[in-house]
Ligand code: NCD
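Next up: just one chain, as structure tokens, the form predicted alone.
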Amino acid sequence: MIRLPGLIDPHVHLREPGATYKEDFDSGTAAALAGGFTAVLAMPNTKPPLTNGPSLAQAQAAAQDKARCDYGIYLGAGADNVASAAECALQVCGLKMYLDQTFGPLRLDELATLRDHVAHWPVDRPLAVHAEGRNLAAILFLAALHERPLHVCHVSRKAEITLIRAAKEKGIKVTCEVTPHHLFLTEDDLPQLGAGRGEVRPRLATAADRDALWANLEVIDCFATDHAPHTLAEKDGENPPPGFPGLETALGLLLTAVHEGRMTLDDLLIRTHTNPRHIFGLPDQPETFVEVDPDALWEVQAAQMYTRCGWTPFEGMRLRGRVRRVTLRDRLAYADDQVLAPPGYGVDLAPFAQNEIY
């Protein structure tokens, strides 16, 4: 057994409010604990989207009642909340800007609105962005122009990771995250997954793109699951929504990579604990740790998972490294495949954040 610090996932979708039939703060944070995550940061593309005080309060109330692990909640950047968004800054873990296709109505299409959000959001609070291709170049330019840090979500392609490398080398204040599914799956896996179940944003890329992510590991600041559950009926339907569940498979995938020599355990911990905590200014979680059997072999089976969506793109894969126990704030929160932390035990970390991104 080895002891790891509590892992932090800076990018999850818990579907509350509005779509609790496929996940909520209860089931999603149970899945987090089962996967070794003691803190998760939840995205705002819910129904309604979290763009103002009332919608944010709805999500906060649900999390306070249901969350089993610690959490933070993002605010979404919309076309009409440039001025009001800043009023919520101290209640949230960051502002999320969507520049490319995603699940929900929060995509920003107007350059002026994007510029105004970058200019008005408080510089000491995280600014996270979904930006692919040319949109990534545009937001990097705006961030540099306004001399403010930027966090780029789920980077998936060679052109994007090399652009971020160049931006860092020029002194631009940018950090980035990569998902396990973009590190371990490619478009070559789509025939086996099926068209609907393979839908995700950003899309699964080429093997060359995947290899470029591994080759540029030192440029990647965080591993983030982008846990985005949808039911099998939705994924197998006529208009499948994009997204994969990932909280319960991420650590196993990453520990398997450690076992294979593709990275070190320190590489894993820097990107799943140290850097997410630093980038988002999250407070310490005292007496919090994860006990892992690094040699345990196990087969991924959705039927044994806590996520409500009922499937995984890694079904049947054999991984090495299994979570055995999780202690959160000196309380046994997960042990022997059972989530023990009750709903409501989780703490909202965002009001305690002290951001020192650079």
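From 1 onward, residues are counted along the sequence shown. Remember, it's a predicted structure, so these values are computed and weren't measured experimentally.
Not pictured, yet referred to below: the form predicted together with ligand NCD.
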Quiz item: Within 4.5 Å of ligand NCD in the model of the complex, do we find a heavy atom from each of 11, 98 and 226?
Solution: yes
Practice problem: Although ligand NCD is absent from this view, report whether residue 118 comes within 4.5 Å of it in the model of the complex, heavy atoms only. | Solution: no
Practice problem: Indicate whether ligand NCD has at least one heavy atom within 4.5 Å of a heavy atom of residue 27 in the model of the complex. | Solution: no
Quiz item: With a 4.5 Å heavy atom cut-off, would you call residue 312 a contact of ligand NCD in the model of the complex?
Solution: no
Quiz item: Quick one: is residue 45 in contact with ligand NCD in the model of the complex, heavy atoms, 4.5 Å cut-off?
Solution: yes
Quiz item: Tell me, which of 175, 102, 285, 156 has a heavy atom within 4.5 angstroms of ligand NCD in the model of the complex?
Solution: 102
Quiz item: Here the chain is shown alone; which of 200, 139, 257, 213 has a heavy atom within 4.5 Å of ligand NCD in the model of the complex?
Solution: 200
Quiz item: Looking at 237-245, 156-164, 119-127, 265-273, which lies within 4.5 angstroms of ligand NCD in the model of the complex, counting heavy atoms?
Solution: 237-245
